[in-house]
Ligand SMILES: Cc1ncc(COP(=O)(O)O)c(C=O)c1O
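Coming up is one lone chain in structure tokens, specifically the form predicted on its own.
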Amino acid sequence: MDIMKIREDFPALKRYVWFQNGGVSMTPAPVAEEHIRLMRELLERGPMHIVYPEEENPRRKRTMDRLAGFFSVAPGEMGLMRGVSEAYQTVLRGLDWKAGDQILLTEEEEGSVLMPTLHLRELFGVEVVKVPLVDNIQSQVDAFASRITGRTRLVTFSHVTTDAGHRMPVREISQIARERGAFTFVDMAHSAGLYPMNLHEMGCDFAGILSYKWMYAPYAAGALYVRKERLNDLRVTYAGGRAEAWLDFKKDRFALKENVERFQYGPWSWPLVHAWFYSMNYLSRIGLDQIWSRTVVLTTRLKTGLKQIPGVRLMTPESPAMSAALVTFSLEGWDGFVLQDALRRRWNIVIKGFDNIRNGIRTSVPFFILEEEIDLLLKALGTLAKEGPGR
């Protein structure tokens, strides 16, 4: 892997030190140029699906087939969404709920998952049960298992939690949920694109996927995965013009598609979606195994360095088996947002501070970051630790 060559694909890296990929990723030049080409095609040739359907419709199928193949599932198990929020809403609204039903989720879910879950509680009296994060695979599985009851309908969790960066053992949690009659939904916003994945083998029933974090496509597109045998367990709540297999305008009759596309109600910007196709090829050419290996090297370097700084508390598990590309920590006496601003103002480091359940800094570590950039962050934190807050 030629890191310096790859960094040429990200010209914005010349402007600052980039540790905010988990917000919205940079788009590499080849992917951005493909998006520009597709938009210019619309300008010069017009709406492709109307004027040249013989070109555009097969292209759309290739894009969706590639998306499914990237996650080792059948094309009929992957449908387009605008993001994880829409994917999760589709699952929530597709199940029947009554007072006393339970949803399990971790104590640290992002708003796109937490907000609709709490709203469901207000609508139907569903009980929301939170599962603590544990820095051990078996203990994390046990934490879920001990809270699943006969009333649990859905177990929802981020594959990698948004703030502290805990990676959940999806296969083990999904197996226990299935054995006890509950469905599983996995938010893959902070894992998709980091290493090879087989959603079938992971065992979850549903998953939401994003294009614009670790898959490096332009903002924004998403997808819903529905395991084939779970297709008929979800009701179509929002039936739109992308859901029908056929529609009889005279007799007012219709039939829904037989696969996950029955949940689509669009429309989408297809140049964005096709650019996502291009980003998958971009990552595959570099090699997902290589991307993951380098991610482990970089995050390990950062975690090791953080432990040497007085006053730093590491919130992310040290083991790569329990973490991914997010490394989160706090610095004693510092508010997360104040620390974020100090790092940007004095060292030109772009990073995320937060103050919700936790108070600290989340470091997103893309594979093209340099070791010396990790070291710069560590040096800056060491300086601030000595100076004390408020500088």
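In this text, all values refer to a predicted model and were calculated from it rather than measured experimentally. Each residue number is its position in the shown sequence, starting from 1.
The same protein has a further form, the form predicted together with the ligand, not shown here; the description that follows concerns it.
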### Message
If we define contact as a non-hydrogen atom of the residue within 4.5 angstroms of the partner, is residue 264 a contact of the ligand in the model of the complex?
### Response
no
### Task
Please run the contact check for residue 212 against the ligand in the model of the complex: heavy atoms, 4.5 angstroms, yes or no?
yes
#### Entry: Interface membership of residue 190, the ligand in the model of the complex, 4.5 Å heavy atom rule
yes
### Query
Hey, in the model of the complex, does residue 259 get a heavy atom within 4.5 angstroms of the ligand?
no
#### Entry: Contact stretch among 93 to 101, 266 to 274, 212 to 220, 173 to 181 - heavy atom within 4.5 Å of the ligand in the model of the complex
212 to 220
### Candidate from 162, 316, 156, 140 lying within 4.5 Å of the ligand in the model of the complex - any heavy atom
162
### Query
What is the one choice in 202, 291, 84, 302 with a heavy atom within 4.5 Å of the ligand in the model of the complex?
84
### Message
For the stretch 106 to 134, I need every residue with any heavy atom inside 4.5 Å of the ligand in the model of the complex, listed N to C.
### Response
110, 112
